[in-house]
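Only one chain comes next, encoded as structure tokens, the form predicted alone.
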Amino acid sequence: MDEEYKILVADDEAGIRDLLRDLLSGSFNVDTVERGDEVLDRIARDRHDILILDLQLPGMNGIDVLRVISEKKVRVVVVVITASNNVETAITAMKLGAYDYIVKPFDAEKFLVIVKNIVERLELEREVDTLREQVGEKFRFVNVIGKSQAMLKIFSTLERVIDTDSTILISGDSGTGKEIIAKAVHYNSNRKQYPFRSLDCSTIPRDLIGSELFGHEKGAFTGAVSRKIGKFEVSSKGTLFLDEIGNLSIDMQAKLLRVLQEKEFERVGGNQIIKVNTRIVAATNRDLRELVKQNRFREDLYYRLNVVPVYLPLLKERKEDIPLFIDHFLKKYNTEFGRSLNIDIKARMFLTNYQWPGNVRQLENVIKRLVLLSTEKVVGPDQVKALLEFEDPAAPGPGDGDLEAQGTLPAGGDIVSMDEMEKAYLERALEHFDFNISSTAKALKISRKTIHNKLKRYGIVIHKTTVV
């Protein structure tokens, strides 16, 4: 057993306190109190993990102590001990959150088994907390990819409402990163220690989506062989992300509206009222206002969801973010596949100026395939073009920002000097790397000193932007 765990023994009998101290001291830090009104202060001050609680205590009886622990959501595992074998008392204690209930005189071996099981539970909870924190760290606003003004504005809006219960409606084309924003909302909020769950409303058959959202009772319909807990119930106190919410049927929209208004629902086939406190973040790639006009989406639900509207622009409309995504996905898939692929400056600029009809999702897929399939250590623009043409020959290529269109001759075909070409090329390379001299020099395979000399020669002024 782990000595870092702290146990508080609350019993008015000195003999019991001494016995439990002797049993536990070899493996735990053990404190004792003899009055019920001392328990809560000690737990709050010393942060005990386990409480061994006698029900018959002076000052405040054990049931009242349990009730306060339950109401204040104090994080401590309680084992109740008492001289009474009253079944009703045991039921009351368990309803108030006690982990187990034992009657005096008790068997020391059985008692230690109970404590061992508690330690295993605490260890599992700590692992879950650690994993949740690690996952959450990826979605801090400072780690969500985006330095464009559009993304900075979105982050600023979300930070103002992050700890409220306001619903958020994220709109934007497929592949723009709506679920990433939903996770960022959750893991930056005061709900981050509770579950985040998601449901794509476009992939669930209409006759089953009620069961997915609200759960069902055994026998509610053919195939319901056992009770199912739905997404709302699982994510209570946390966040539920409803993607493609425009696909919900009208009757399901009415049920969702009721949950948002009343914070309660019934499982399919059940009649028990279940209270929930779940934050809703919804997303859509459809125009819900147009669906409201067509009577295909409830107007009252639309306004309930659209308390905090967020629009995610197309990737081609936030080109400043593309170099960040390139580096992010390169690092991700180089690590995953054990590779060390790099992309040269011309290929990076081609990728930056590509139109990306599939948005971030398409860019990620392209980088993944390059890392997985390339036989070279450095990818050039020809390989990138070939892959994109193979993926979709009809897809739009680079627009006005095409490297070759801008890097050689200006519009109209007028001949320009080599100095003008070099200056334009250097300016685009600097912009691509967010005006980072070291990164630009490395990509162009020249020294930092050479970069500085050229900046001075061409009168280029560095304007750094804020990197998020």
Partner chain sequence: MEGEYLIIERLVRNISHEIKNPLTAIKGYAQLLGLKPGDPELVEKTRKMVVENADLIDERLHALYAVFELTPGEKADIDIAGTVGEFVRSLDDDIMARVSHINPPGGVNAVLERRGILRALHLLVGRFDWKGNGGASLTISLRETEEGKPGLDFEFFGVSFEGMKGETFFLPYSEKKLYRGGTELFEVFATARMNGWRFGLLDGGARRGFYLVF
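Computed from a predicted model, the values in this text were never measured in an experiment. Take the two forms, find the largest set of C-alpha atoms that superpose within 1.5 Å, and that set is the rigid core. Positions refer to the first chain, counted from 1.
Absent from the display: the form predicted together with its partner chain. The rest refers to it.
- Residue in contact with its partner chain in the predicted bound form (any heavy atom within 4.5 Å), chosen from 378, 124, 254, 83: 83.
- Comment: its partner chain is not present in this chain, but in the predicted bound form one of 104, 153, 339, 289 has a heavy atom within 4.5 Å of it, namely 104.
- Heavy atoms of no residue among 345, 368 and 431 are located within 4.5 Å of its partner chain in the predicted bound form.
- Look at 422 to 430, 31 to 39, 436 to 444, 44 to 52: in the predicted bound form, residues with non-hydrogen atoms within 4.5 angstroms of its partner chain sit in 31 to 39.
- Although the partner is absent here, residue 15 is a contact residue: one of its heavy atoms lies within 4.5 angstroms of its partner chain in the predicted bound form.
- In the predicted bound form, at least one heavy atom of residue 109 sits within 4.5 Å of a heavy atom of its partner chain.
- Although the partner is absent here, residue 56 is a contact residue: one of its heavy atoms lies within 4.5 angstroms of its partner chain in the predicted bound form.
- Although the partner is absent here, residue 451 is not a contact residue: none of its heavy atoms lies within 4.5 angstroms of its partner chain in the predicted bound form.
- If you fit the rigid core between this form and the one not shown, you'll see the Cα of residue 174 move by less than 2 angstroms.
- After superposing the rigid core, the C-alpha of residue 254 moves by less than 2 Å between this form and the one not shown.
- Relative to the superposed core, residue 102 undergoes a Cα shift of 2 Å or more between this form and the one not shown.
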